[in-house]
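First, one chain by itself: the form predicted alone, in structure tokens.
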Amino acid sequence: MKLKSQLNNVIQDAFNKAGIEHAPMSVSEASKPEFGDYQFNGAMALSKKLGKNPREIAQSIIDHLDLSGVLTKAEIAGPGFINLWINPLWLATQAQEALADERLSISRRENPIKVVVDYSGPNMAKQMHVGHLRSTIIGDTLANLLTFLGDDVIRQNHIGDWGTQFGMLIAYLEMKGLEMKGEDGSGSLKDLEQFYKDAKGEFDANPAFANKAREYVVKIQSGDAHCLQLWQKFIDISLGHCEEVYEKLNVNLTRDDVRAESFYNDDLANVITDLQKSDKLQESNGAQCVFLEGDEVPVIVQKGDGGYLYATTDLAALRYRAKELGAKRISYVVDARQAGHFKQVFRVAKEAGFVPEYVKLEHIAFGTMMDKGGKPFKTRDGGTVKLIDLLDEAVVKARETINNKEDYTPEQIDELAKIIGIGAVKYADLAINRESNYIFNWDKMLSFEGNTSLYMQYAYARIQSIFRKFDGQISGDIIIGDELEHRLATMLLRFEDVLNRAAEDASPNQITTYLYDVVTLFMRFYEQNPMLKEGVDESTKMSRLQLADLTAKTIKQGLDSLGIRVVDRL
């Protein structure tokens, strides 16, 4: 449920009854339990507008507050804050309804929109490396979240498949007299990464070979059947590597989500023509450019030799997504170092009329994964860490954290290690502000303590163990009997507000922070409010079991939005 909306409606009703026409500011969570559940600070903001003392305004609001439903108490604090306490009976009813609903009373958007989320963007003819991790999992989380909240989400995996590198690969294949055989099309190209490096070395060292490679690019672009066949096999091999990584990461990207550069190739000339028609183009040193007011560096959309650039393709993609797909929000989950590029391309797209003004264009920027020394994450010899190797290592290390291995079959241990290891890598990344760099630390991410995936999974498993011990039928109502139960129920009902904020800001760390607060509070509840202990009366036992069940379901849904699985035993 939207708890803040409920409280804002109560405050607004008091404003109306008091004859105050100015809309109030939103309530916010209280910083300490003694300050209530929420606080309202709008009285101070209204002081100058109304020419009244903020405490006088606050008192007028309190005098007209309905304390028979959502709220049970309101007090003025400080210069004009209003501390608000939620009615325990209302809280219990809402928690009961959330528990009975498979969506935990989280509503779908009343006015859903179509959203394009562009993420992952792996390089073709190379294996994915750690630099692709953040785009892939942040983008997937945003897509998961928006889908759950009711928007029509279109996932897009924009890959570069239309350049010199493919002419280079085909030329090297023929120079070496190799063939692409086998059902997977790989033949002798088991290690496509090394094949690419060898081809690149030949390209850099041999001008004749480089010219040959460029000729093959022209053949590909002109539709030569033989070259296109080989080109497609290179793409298929590359995407096969990507799909293996996506499966390990539990990421929802498929071949159907791929929209490569070649997809927009036929529209690039139209982009140039339409920019000319809108008087946006100027020639500079033979290149066609768009000069934006306030920017010294122009946006180059066509080189002097007639070739197109990334900006040209991005403009074609933006136009397609806005006008053909009908997206009202287009989110690019790309490294922060591309901020300047996207700022310029977005401006050109809007000013040229490629994208309507009402469409939200956003660059979901993120920082870099660093090693313990604060340098970009590399192998010991300074090479790029392949993402699949990192994930495999995570599973190996997770296996070491599993206690009482004799309680599991080998197959169960394998599955458990995969869930824990992959979850640890994803959660550690998503738990920080996405725009920050972060230190990759195995010990920290695989800890049972602190804001880690394992801490969340352990809490969920502990709740499942309670129900295995209980092994009965739950009945009765939720009863808010003490402060801890009140705080836990309030926290659980904030879930929808958290998800909506995280979706709007594209900030998964808001979800992880919330989950950590929920689990930390539940652990205190678990220790101080026994459920199955002898002497606990039946109605209290049933109520506490239901609060525990709602907590588990909230943890599961929260982790699910992050693409992380839970475990029943740990």
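Computed from a predicted model, the values in this text were never measured in an experiment. Throughout, we count residues from 1 along the sequence that is shown.
Just so you know, the form predicted in complex with the RNA exists too; it's not on screen, but the next bit is about it.
Proximity to the RNA in the predicted complex, taken as a non-hydrogen atom within 4.5 angstroms, holds for one residue of Ile57, Leu65, Ala503, Met531, which is Met531.
When you look in the predicted complex, the only residue of Lys386, Lys219, Lys303, Lys418 with a non-hydrogen atom within 4.5 Å of the RNA is Lys303. With respect to the RNA in the predicted complex, the three residues Arg337, Asn403 and Glu527 uniformly fall within 4.5 angstroms at the level of their nearest heavy atom. The stretch among 225 to 233, 192 to 200, 291 to 299, 269 to 277 whose residues place heavy atoms within 4.5 Å of the RNA in the predicted complex is 291 to 299. The shortest heavy atom separation between Ser31 and the RNA in the predicted complex is within 4.5 Å. In the predicted complex, the RNA lies within 4.5 Å of some heavy atom of Tyr308.
The RNA is not drawn, but in the predicted complex it has a heavy atom within 4.5 Å of Thr513. Within 4.5 Å of any heavy atom of the RNA in the predicted complex lies no heavy atom of Lys360. Along 458 to 482, residues Tyr458, Ala461, Arg462, Ser465, Ile466, Arg468, Lys469 each place a heavy atom within 4.5 Å of the RNA in the predicted complex.
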